[in-house]
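Single chain ahead, written as structure tokens, the form predicted alone.
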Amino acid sequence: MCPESVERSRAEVRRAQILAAAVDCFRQHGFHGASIAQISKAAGMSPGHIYHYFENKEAIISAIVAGDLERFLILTAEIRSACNVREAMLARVGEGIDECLDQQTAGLKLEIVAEASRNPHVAEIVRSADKVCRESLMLTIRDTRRAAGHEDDDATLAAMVEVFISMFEGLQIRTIRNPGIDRSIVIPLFQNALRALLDQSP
């Protein structure tokens, strides 16, 4: 491996180390409560090293949001490549619910959204990622609907996307308020709701 590749690999490892530490600190102390000093201590490196990779905490949030978006885009691309897109969507519902019911994951996402309500820069990061997410999901739903013989306008598809996302994001709030949610009951109910959404007549 050439020296440039080795250094790039080390940088990726350090960035991942910082992000993991930041996620833990944000969960424990909130965005404002978590300082660069705390993040650097959790990461096992100096504050100077943190600033070498990230300009500030907002840049760290941007990287966290980008990572979430990348995973979502991979998921929707995999679903669209399936022989039966509708059934592929339904089959992956359980994964989405498991993530939403994870209190640490849900808490972090809600913390970022809360910061977006106060911080215009973070709001821009979150809204930009959300736009890409919605566009990818719209393509997935359009493919599913077309396969069933439905042709929908963009406004209808956009509304379906909002309903779809609201179901899962609402579950993140519910798992904080009611941590005893039974996934085995929720999953089939979500699948039924998604079937109704995908199968409705124009």
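Just count from 1 along the sequence shown to find any residue number. Between two forms, the rigid core is defined as the largest C-alpha subset superposing within 1.5 Å. What you are looking at is a predicted structure, and each value in this text was computed from that prediction instead of being measured.
Omitted here: the form predicted together with the DNA. The next part is about that form.
Shown without its partner, this chain lists Met45, Cys133, Ala147, Ala159 as candidates; in the predicted complex, only Met45 has a non-hydrogen atom within 4.5 angstroms of the DNA. Proximity of Ala34 to the DNA in the predicted complex: non-hydrogen atoms within 4.5 Å are present. Put simply, His49 is close to the DNA in the predicted complex: some heavy atom of it is within 4.5 Å. When contacts are judged by a 4.5 Å heavy atom cut-off, Asn56 counts as touching the DNA in the predicted complex. At a distance threshold of 4.5 angstroms between non-hydrogen atoms, Arg14 is in contact with the DNA in the predicted complex. Stretch 37-45 is the answer when you ask which of 37-45, 172-180, 133-141, 149-157 has residues with heavy atoms within 4.5 Å of the DNA in the predicted complex. Once both forms are fitted on their core, the CA shift for Ile141 between the shown form and the other one remains under 2 Å. Core-superposed comparison between the shown form and the other one: the CA of Pro47 exceeds or equals a 2 Å shift. With the core superposed, Ser35 shows a C-alpha displacement of at least 2 Å between the shown form and the other one.
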